[in-house]
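Alright, two takes on the same chain below, each alone as structure tokens: structure 1 and structure 2.
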Structure 1
Amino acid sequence: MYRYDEFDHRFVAERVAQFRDQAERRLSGELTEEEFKPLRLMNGLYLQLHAYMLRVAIPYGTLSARQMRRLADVADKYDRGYGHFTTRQNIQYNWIKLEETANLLAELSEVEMHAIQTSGNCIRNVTTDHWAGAAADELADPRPVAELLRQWSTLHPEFSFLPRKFKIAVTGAPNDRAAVKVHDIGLRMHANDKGEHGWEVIVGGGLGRTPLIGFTVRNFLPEADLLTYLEAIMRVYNLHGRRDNKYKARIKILVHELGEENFRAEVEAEFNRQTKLDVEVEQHELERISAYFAAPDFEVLPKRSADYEIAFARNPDFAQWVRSNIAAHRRDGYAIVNISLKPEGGIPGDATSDQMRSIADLADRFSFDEIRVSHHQNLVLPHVKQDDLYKVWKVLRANDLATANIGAAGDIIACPGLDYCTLATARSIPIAQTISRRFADLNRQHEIGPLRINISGCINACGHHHVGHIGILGLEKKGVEYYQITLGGSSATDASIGTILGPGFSGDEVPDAIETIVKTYLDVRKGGDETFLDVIRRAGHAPFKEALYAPAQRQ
């Protein structure tokens, strides 16, 4: 894992002092709310329905046990004993006081954490594959580049007042787990004939009001050109992105309005004009960072562990959890453990301070001190020996963290919605809870197979509903919440945007509607191998529309 050196420490300490000064000037009335708002947002501090909300950055979703313990301490000391893991691999606290925020940030800085650029019209927390450095299918660990991007984008003087927020995702694996096609910039690693790594640069994807899949502006960008090229993209966007309408201000709209070819020409022209950034310094820095991401001291283990297989055979609950929550590791005898933060009827992504501490302890003992946050709002222990899986599972189960539903119907993504958020038009969490209870039977979930249900409480789409196999969007009409259902979205390698199925439903009707959709899928599929998404792509919306709306029409 990356560790701060004296410079990183000094930088964050100065940033905390700067924020303290800004907050004091606001509290004394020297700054108006209008002036202070962009300043606090650049430090992740929102004003939500009940209090201030602080979004703490978890760069590329990687945490140490010590950092996780500090997050738990912060939850107890400054909040109400819990935190909410987000689709941007960050954590949010919901009950924060402005007058205490600088102290909170100072405590985070002691464990090399901050809230810089978790909001505002700047480059947000860089996200990546939550299995980075562990996945069996990976070309190379993308996190050194993600850390390079973190530093480069941190308080970038040219790009801190962009037309709108800007999100970058990076993946080093052919199977995209970082949703790179629905980001402002997605970077995907490829190898050429000589075995050198380069980047496919995808621009202009995104969700929100105008969901779009990004387009590839460069197929294979040499690693050494990366920052210069990104600066060219950012500059074209900063200069020409729309500033007259915040809903048309993202880079995807600029790409759309210019057209892909013109956009590419603008970027290439700017790239050629740029005096190359100091490539030697940049490469030296990348090498320095890469050393921190060297693989941990894995033991040489047999492919299969006898202890694990005995437990697997003897304990059906454990076996079920293994089948759904364990992923293949790149090293023999190791496994990736996915921790579900989606217990039956729970609030997706929420974890109590005690749960955080128990996970920190597990990471310490069994996973080389590493934890990951996934954009599905789950946590990951990336490097667990198969021999230890049973012990890990028992601890997780004792802490209500062993729900065997990763990637299944109960593994629902949901934004905070109207229960917390000022932007929301409807609640999302209660919808997630009722669906999760409806599909509580894990055997049934596994019979259904991979199913991604994503729920957003407004058109801004923090719950990524457009890329859910089933997407649910909460809206409001005359003070009453209602929900629109989309089908066929995906954020994976074959990314697609879901389309609206038909008229919306009241909150009470949603679980039945989902039930009907799932039943229809089970009827229509040509066997267990044909997933929900496969069926939508083969058969389209028709059978689902028929099942949902025809009975009402016939009545």
Structure 2
Amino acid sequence: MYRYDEFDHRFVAERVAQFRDQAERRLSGELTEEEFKPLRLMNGLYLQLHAYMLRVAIPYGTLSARQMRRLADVADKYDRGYGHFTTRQNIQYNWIKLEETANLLAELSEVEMHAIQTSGNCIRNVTTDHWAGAAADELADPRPVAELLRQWSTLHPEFSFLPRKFKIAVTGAPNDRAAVKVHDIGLRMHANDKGEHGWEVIVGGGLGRTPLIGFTVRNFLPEADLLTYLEAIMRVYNLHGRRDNKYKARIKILVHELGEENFRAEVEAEFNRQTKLDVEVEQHELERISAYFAAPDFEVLPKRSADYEIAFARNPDFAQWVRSNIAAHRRDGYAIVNISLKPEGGIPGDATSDQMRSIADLADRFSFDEIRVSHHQNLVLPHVKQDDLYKVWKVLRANDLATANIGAAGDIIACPGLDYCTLATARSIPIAQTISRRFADLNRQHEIGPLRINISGCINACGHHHVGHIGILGLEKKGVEYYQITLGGSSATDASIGTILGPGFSGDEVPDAIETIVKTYLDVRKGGDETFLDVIRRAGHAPFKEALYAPAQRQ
């Protein structure tokens, strides 16, 4: 993985020193909260309901064991013994004291971590496929390009004060696991007839108040033109993006107002005006970065492991975990281990300091010192030998990390909601916990099949409810929390925005409503291979509306 160069070390150290001075001036009263706010946000520090929250960047979701141990130490020393992994592959700490924050940031800098570009109207943490460099279907590892984008966007003079926050996602695989179509810019790698790699450039996606699927502005952009072309997009956005209304300031609104063809024409004109030598992707620089992402020293192994197959046959719990949580690796004899942070009744995305340390130990022993964070709020060990899967599973089970529910009903995405967030209008965590308990039976989850349940505590959609197969949005009406349900969303290659099913429900009614929706799906589906999303797209909302609302109307 990438290692800081001399500039990185100096830059992060200087930022810590600057923030230490800013925090001291706030604590002394020299700075008001309004004066301090933009300074703290540039360092990922939010003021929430009960305390400050710090969002720490995990670029393209890649961590070393050493870094994970430091995150565990931070949880113990500066928080309450846990951290919350987010849908942007970051980690948040919810109980931070302002007077301790500079020391915390200094300790993070010792392991090449920081909180820069995790907030504010800038290009945020670049995200990518959590199986990058390991997936069997991948054309190439996208993380070198993600790192190049991190370096390009950090302190870029034109991108420090954008009309609104800006999010970029990158994938090097034909199967989209990075939700590229619902980002401000999504990059998806393709190969042409000559076998050359280039990028499909998708612009104008996003969730929140106005959920939209991005459109393809270029089908195949040569990699050498990538930074030049992205700079053209950013210049068009910076020129035309609205600054008078933050609700209409995202690039998706600009694309909608200009129209796709006019937007494309503006970008192409700006692209052609630029002097490409100024920002062209220099091959030697990309090669330098790529060297940090060289494949581990894999062993030459048979495609199947006898030890693994014996354990699989003898232990039903292990076999169930393998079927749910293990993905195909690009190298024979290896596997990708997905670690669920969604135990029965748990808070989605939370991990204790002890759990972080146990995962760091596993990465050291079995995964070439690599850990990934997924945008589904789970963790990944990307390179594990099949021979070692049973050993890994036993350690995970001992640390309450072996729940076999990846991609199933219990693998719920949820934002912190009204338990922590000042923007929230309803609670997310208790709803997620109750649904998790309702669907705790893993055999039942596997019978149901792939099912994404996403929960947001407000219209900002940090829980990505718009792209959940079942989306739940918490709102407030006359002082009472209620929840809208949407069906048919997806953040995958077939991305779609879910549509509202009907009138909302109270918090107490939501689990029964989800139960009814799932039972209706099982009644309507044609055979065990038809997924929930397949049924929604074939049958529409009618059978679900009938099951949920008609009984009340008949009473």
Partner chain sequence: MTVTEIGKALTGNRLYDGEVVFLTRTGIWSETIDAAAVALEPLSQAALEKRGEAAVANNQVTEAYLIDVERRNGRVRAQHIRERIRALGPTVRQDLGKQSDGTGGGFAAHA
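By rigid core we mean the largest C-alpha set that fits within 1.5 Å across both forms. On a predicted model such as this, the values are computed, not experimentally measured, just so you know. Along the sequence of structure 1, residues get numbers from 1 upward.
Of the two forms shown, structure 1 is the one predicted together with its partner chain, while structure 2 is not. Taking 2 Å as the criterion, Arg25 counts as shifted between structures 1 and 2: its C-alpha moves by at least this amount when the rigid core is aligned.
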